[in-house]
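Next up: a single chain in structure tokens, the form predicted on its own.
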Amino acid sequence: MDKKRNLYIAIFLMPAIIIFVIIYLIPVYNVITTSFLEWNLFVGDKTFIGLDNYINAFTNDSLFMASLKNTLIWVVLQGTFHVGLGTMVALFLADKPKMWKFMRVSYMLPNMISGAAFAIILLNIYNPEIGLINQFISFLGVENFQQNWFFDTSTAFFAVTMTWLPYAGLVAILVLAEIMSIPTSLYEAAAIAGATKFQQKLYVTLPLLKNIIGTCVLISATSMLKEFEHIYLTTNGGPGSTTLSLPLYLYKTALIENNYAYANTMGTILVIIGFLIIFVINKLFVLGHSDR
């Protein structure tokens, strides 16, 4: 009986495994193996050069180091600040069903707009002359704080980081859905024991949200490893390398400089960072283990 059951499981899993191997595993294998080569548009033959691309990236390439630093900072901010903000909004709205139904639709708007269209909207919002932000600052009468947000080295990184703030709404929606699934009997028992609303959120709700918060941290942090279109369409990594991300630098290396092996080196580093992030977050949140 067990053999028959295992056979059925293998049959049903086989299409997904085949698709995974063709779409993900083989390309990743090619990226990793070609990262040890000298391979660009101007070199006819692919030559094995061992770890030279990796050594060059970490010792001689300031753009790579800048893009790596920016990407890692954004990974941390996205996995902490944005998830924390979304969780706080969800806890605040949990007792206000009418408001959270409205906010649920509002928060989904950035996710329903294409990345390119949203980038154009952001360019207009941050426009130094007609943008909403500088107009609002002018309305407050503090013109000295007006900036060329996307293209000034002192504000560009902050401005780009803030463009991902609306996506905290997705975290809020996921956490709210989890809060709605918590049995009311737990809150009734806590209330009988004399717990206030704040104590109920702190000692009943928050511990039961560990899995969903961990999942949101995982999704948010890893999403930064592929963040490309917003940066490309707004600052293009500038000014200088202030907002250069690793995926954008990889793109420029592959399609503008035609240095394919070096681009694949960055791709391999991104894959390794991704696995490390998944491992650490799984360990921290013990994902997949329910406390209920």
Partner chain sequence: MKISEKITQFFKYVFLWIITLITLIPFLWIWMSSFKSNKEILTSALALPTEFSFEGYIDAFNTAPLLNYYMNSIIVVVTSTLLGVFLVGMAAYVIARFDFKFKNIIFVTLSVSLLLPITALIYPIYSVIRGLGLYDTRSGLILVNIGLGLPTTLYILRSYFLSIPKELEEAAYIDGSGFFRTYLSIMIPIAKPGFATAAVLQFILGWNEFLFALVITDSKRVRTVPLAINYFLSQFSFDYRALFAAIVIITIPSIIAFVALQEQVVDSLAAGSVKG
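Everything quoted here is computed from the prediction, not taken from an experiment. Each form is matched to the other, and the largest set of C-alpha atoms that superpose within 1.5 Å is called the rigid core. Numbering follows the first chain given and starts at 1.
Note that the form predicted in complex with its partner chain isn't included here; everything after this is about it.
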Indicate whether the candidate residues I22, M88 and N124 are all in contact with its partner chain in the predicted complex, with contact defined as any heavy atom within 4.5 Å. yes
From the candidate stretches 215-223, 148-156, 70-78, 186-194, select the single one in contact with its partner chain in the predicted complex, where contact means a heavy atom within 4.5 Å. 215-223
Considering only heavy atoms, tell me if Y54 and its partner chain come within 4.5 Å of each other in the predicted complex. no
Can K201 be called a contact residue for its partner chain in the predicted complex at 4.5 Å between heavy atoms? yes
Can I281 be called a contact residue for its partner chain in the predicted complex at 4.5 Å between heavy atoms? no
Test of understanding: in the predicted complex, would W39 fall inside 4.5 Å of its partner chain by heavy atoms? yes
Note that its partner chain is not shown here; using its position in the predicted complex, name the residues of 221-246 with a heavy atom within 4.5 Å of it, in sequence order. L225, K226, F228, E229, Y232, L233
Does superposing the core leave P128 with a CA shift of 2 Å or more between this form and the one not shown? no
Can we say the CA of W164 moves by at least 2 Å between this form and the one not shown when the core is superposed? no
Once the two forms are fit on the core, has P97 moved its CA by at least 2 Å between this form and the one not shown? yes
